[in-house]
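Quick heads-up: it's one chain on its own, the form predicted on its own, in structure tokens.
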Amino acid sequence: MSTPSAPPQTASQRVMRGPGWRHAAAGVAGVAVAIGLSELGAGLVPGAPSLVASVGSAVINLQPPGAKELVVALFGENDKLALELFVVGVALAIGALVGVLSRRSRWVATAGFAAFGLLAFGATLLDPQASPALAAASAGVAVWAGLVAFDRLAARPSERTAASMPDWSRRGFLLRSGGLAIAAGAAGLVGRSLIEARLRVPARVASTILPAGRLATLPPGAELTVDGLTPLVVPNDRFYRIDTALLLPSVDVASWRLHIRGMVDRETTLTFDELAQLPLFEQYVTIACVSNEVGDDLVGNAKWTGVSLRDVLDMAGVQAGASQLVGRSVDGWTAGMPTAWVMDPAREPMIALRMNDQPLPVAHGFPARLIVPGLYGYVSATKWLSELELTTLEAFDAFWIPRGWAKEAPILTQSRIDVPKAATRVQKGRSTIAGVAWAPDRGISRVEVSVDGEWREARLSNPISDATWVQWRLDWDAAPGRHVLAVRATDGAGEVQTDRRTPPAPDGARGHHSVVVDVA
């Protein structure tokens, strides 16, 4: 009497078989395929979103108070890379969990991957630049590809069909899953490289020389010559970058518009060419990030070329009672500053189009950004500018304000030691201590250096203006032993930099920068 053969297994039944590690690895590989393919699609199809960047941006938008300073303190300008790696890592870990749970039912895998897709699609909808149709297509293709890869790896064939299927040994499985993961990673890297290749200033803009009606020149003695000292004017490729954009916005300058609206007499819209045809001027301005810890380098000085912000606002006509100017980026980020600060004739706020005699780099805000002397960047320095809105201080809170940062944030008086570096060995004899000090837009009147508690006045470079930093140096006779060096600055208003240490939140770090050196 023959034993009846078992009926063919369904996909759900096949997934139930096999050890847990196989399903976990299959889940990881499936998620990797979904991510890699979505990144490749974002690179190949202009306008298609990076799902990883979209989820990461949603994390930034939903971050609790205090998260910004922690992440910046840990990773500095690599904070965005760290966040994206975290997003990918969490996704892969959840993929492993979904894989293990799918041993009970194939529908767990379907539901898990579909949830990934819906989450990523929802995150893309928070991006003003994203196309909902392309976002839906990208998420759908990613989910389908991830499930196909998972099924191929996790499902074992029945006894009857085993001979016609690929090798299901552990070695064969590891080769296939590893190959898929490597291919997915390569696809993701290619996609990112294609995205970054699109992020360049158009040739017609790069080749255009913008005439400036008022030129900025460096006065004699503006720069000191000391090895290791931060340059007076920081090159574009070395200038710090802190913003919330995981992927730099790709702006079509031909269709870009600057809108001025809100509490104005006339809503006004300018094209890039119309903006560039307004009277231009140059100025050196030092800008700083409020997250800059004492002694860190999230501060820089550059020559900016652009249009008077007040001239543009005058075109629209600012109404009485408009106490806040809000700058809005093409990606939706906002910064709010007091209108009175912008309108004060003692300073020159501008819409910058060039940086250090070059077209404004994409990483620093192309095609246009705000430069407002004296205010921290988070309340003023809007990159990828698309809109200026006049409102009141009470009516609107810009991006960082609900996250625990001060609404009004003038840059504090600060100084830093560049030479010698902390924990370095210095040769005995005549040596130099040097660094920079800044207090835009009050200027620096004095810098003092403490050597083991004894304060001595340093020599200052000739200031460019009150809106820029100065370099300073002090020559000293270094005696053998361990020494503690510290610096403090006095600004143009006579205020001496405090020695009381505070964290960056909510309105900037305070305290003297100090280093310990050994003299041999």
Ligand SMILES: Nc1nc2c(c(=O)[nH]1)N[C@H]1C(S)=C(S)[C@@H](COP(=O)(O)O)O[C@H]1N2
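Since the structure is predicted, the reported quantities are computational estimates derived from the model, not experimental observations. Residue positions are given as counts along the sequence shown, with the first one as 1.
One more form of this protein should be noted, the form predicted together with the ligand, which is absent from this view; the next part is about it.
Residue heavy atoms within 4.5 Å of the ligand in the predicted bound form occur in exactly one stretch of 376-384, 104-112, 173-181, 192-200, and that stretch is 376-384. Taking non-hydrogen atoms only, L388 never approaches the ligand to within 4.5 angstroms in the predicted bound form. Among heavy atoms of E448, none comes within 4.5 Å of the ligand in the predicted bound form. Although the partner is absent from this view, D331 contacts the ligand in the predicted bound form, with a non-hydrogen atom inside 4.5 angstroms. Residue contact check for R241: one or more of its heavy atoms lie within 4.5 Å of the ligand in the predicted bound form.
This chain is displayed alone, yet in the predicted bound form one of A288, A120, I351, V143 has a heavy atom within 4.5 Å of the ligand; that residue is A288. For the candidate set R347, H364, R261, R442, a heavy atom within 4.5 Å of the ligand in the predicted bound form is found for exactly one residue, namely H364.
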